[in-house]
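Below sits a lone chain in structure tokens, taken as the form predicted on its own.
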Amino acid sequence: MNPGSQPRRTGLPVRTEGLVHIYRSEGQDVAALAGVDLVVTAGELVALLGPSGAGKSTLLGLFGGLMRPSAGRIFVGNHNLADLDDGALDALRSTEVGFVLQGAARNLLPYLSARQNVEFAQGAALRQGREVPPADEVLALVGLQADGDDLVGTMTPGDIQLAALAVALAGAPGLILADEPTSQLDDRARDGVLDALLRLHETVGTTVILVTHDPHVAARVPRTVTIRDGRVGAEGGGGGEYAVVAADGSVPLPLEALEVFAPGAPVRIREDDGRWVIEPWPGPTGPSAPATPPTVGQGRGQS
């Protein structure tokens, strides 16, 4: 089966507005997300980047309705997730959203073959009267057409991850959420999984949002979003990265800029011949020009 013969589907757009998520840890409230505004258009492939604890996996779980936010709104397709009860969220996850959980084996039944896992995962969609592709077509899309009858427990780590992706695709969802889908794989297996995700994005049209720490993966993804301190810290694409103006007007500085502008330090922002300049505030009694060179940004929101 030629993966290119797969019909294009309608990917689901995702949008968040002022998303906040707070959890309790050792008797204290911890803000995992502190006001995330993000738009992912239908059919995009987006990688969420950032250090451990930044809130990436939390954001992914909120997209899929695995937890509810403390504040803010999430829209997946035409659904405002705040309006859905637990039963409706279960139905959404079984038909319109596919998950690849971190640790591929968690997505699979090891005593079944890859094909049987896909067929089992299609049950919920079929019970709701939805049309799903044949299991062999799903396996072909991820590159497992020759290994569909292998028991999951006997497969290589790379093929297990591909089988997990096939299970996420089983119900023909409009959104795939993948948490570290290439972690703990060698380079060849990593590239095989990444090729499958890119093929899914390019030939089928499914929206894909993945979490990764791997710079090789990030370099091949069309769009990256860096989560820092629970907010969108930067975005990138085509090898470049740019800051994003938040809804409240704040702009997160690149980490290297914090060597000049320490947290809490006063700064001055001024326009200079069509450019916006951010520079250390000299103070009312200081010199007219700062001692350190200013950082200059071209256009709104850059620094």
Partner chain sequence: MWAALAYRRWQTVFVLLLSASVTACVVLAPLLTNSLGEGILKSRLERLDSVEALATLRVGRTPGHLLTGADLAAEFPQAATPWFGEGIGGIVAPTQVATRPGALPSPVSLRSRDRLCDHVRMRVGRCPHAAGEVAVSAADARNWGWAPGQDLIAADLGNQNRPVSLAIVGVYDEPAEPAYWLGAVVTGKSGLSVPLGTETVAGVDDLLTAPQTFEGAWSQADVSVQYPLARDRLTVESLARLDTALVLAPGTLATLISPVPNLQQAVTSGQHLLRLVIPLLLAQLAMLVAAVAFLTVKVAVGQRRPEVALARLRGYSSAASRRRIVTELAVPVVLGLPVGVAIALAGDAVIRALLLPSGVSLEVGWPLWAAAILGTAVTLAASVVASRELSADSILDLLRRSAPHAERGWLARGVFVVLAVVGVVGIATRSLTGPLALATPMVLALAVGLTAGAGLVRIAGRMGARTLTRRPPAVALAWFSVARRPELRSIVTIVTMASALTVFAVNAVVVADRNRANRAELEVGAAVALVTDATRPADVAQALSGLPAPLRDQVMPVGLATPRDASAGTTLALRPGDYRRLGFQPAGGPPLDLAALADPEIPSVKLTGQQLSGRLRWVSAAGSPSQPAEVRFGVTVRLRSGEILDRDLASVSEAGSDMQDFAGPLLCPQGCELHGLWLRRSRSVGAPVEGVVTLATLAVDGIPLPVLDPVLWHPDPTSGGGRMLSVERSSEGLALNVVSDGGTATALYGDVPERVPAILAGRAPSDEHDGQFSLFGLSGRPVPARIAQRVPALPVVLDRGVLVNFDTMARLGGELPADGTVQVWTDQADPSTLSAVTEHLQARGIRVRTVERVSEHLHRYQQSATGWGLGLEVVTSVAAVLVAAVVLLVVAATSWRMVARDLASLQAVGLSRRQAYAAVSLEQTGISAVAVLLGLGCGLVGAWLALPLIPLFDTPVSVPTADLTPSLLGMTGAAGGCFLVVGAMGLAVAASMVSRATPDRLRDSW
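What you are looking at is a predicted structure, and each value in this text was computed from that prediction instead of being measured. Positions refer to the first chain, counted from 1.
Only in words, not in the display: the form predicted together with the partner chain, which the text now covers.
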request  = With the partner chain left out here, work out from 71-79, 105-113, 219-227, 129-137 which stretch has heavy atoms within 4.5 Å of it in the predicted complex.
outcome  = 105-113
key: Contact test, all of L162, T182 and D186, partner the partner chain in the predicted complex, heavy atom 4.5 Å   = no
ask   = Is there a heavy atom of G205 lying 4.5 Å or less from a heavy atom of the partner chain in the predicted complex?
value = no
ask   = Does H201 reach the partner chain in the predicted complex if we count a contact as any heavy atom within 4.5 Å?
value = no
message = Given that the partner chain is not shown alongside this chain, does L255 nevertheless sit within 4.5 Å of it in the predicted complex, heavy atom to heavy atom?
response = no
request  = Examine T212 and determine whether its closest non-hydrogen atom to the partner chain in the predicted complex is within 4.5 angstroms.
outcome  = no
remark   = Answer key, the partner chain contact in the predicted complex at 4.5 Å (heavy atoms) among A121, A172, L144, A196: the residue is A121
request  = Identify which of V245, I269, V30, M67 has a heavy atom within 4.5 Å of the partner chain in the predicted complex; exactly one of them does.
outcome  = M67
task = Residue by residue through 45-60, tell me which have a non-hydrogen atom within 4.5 angstroms of the partner chain in the predicted complex.
result = none
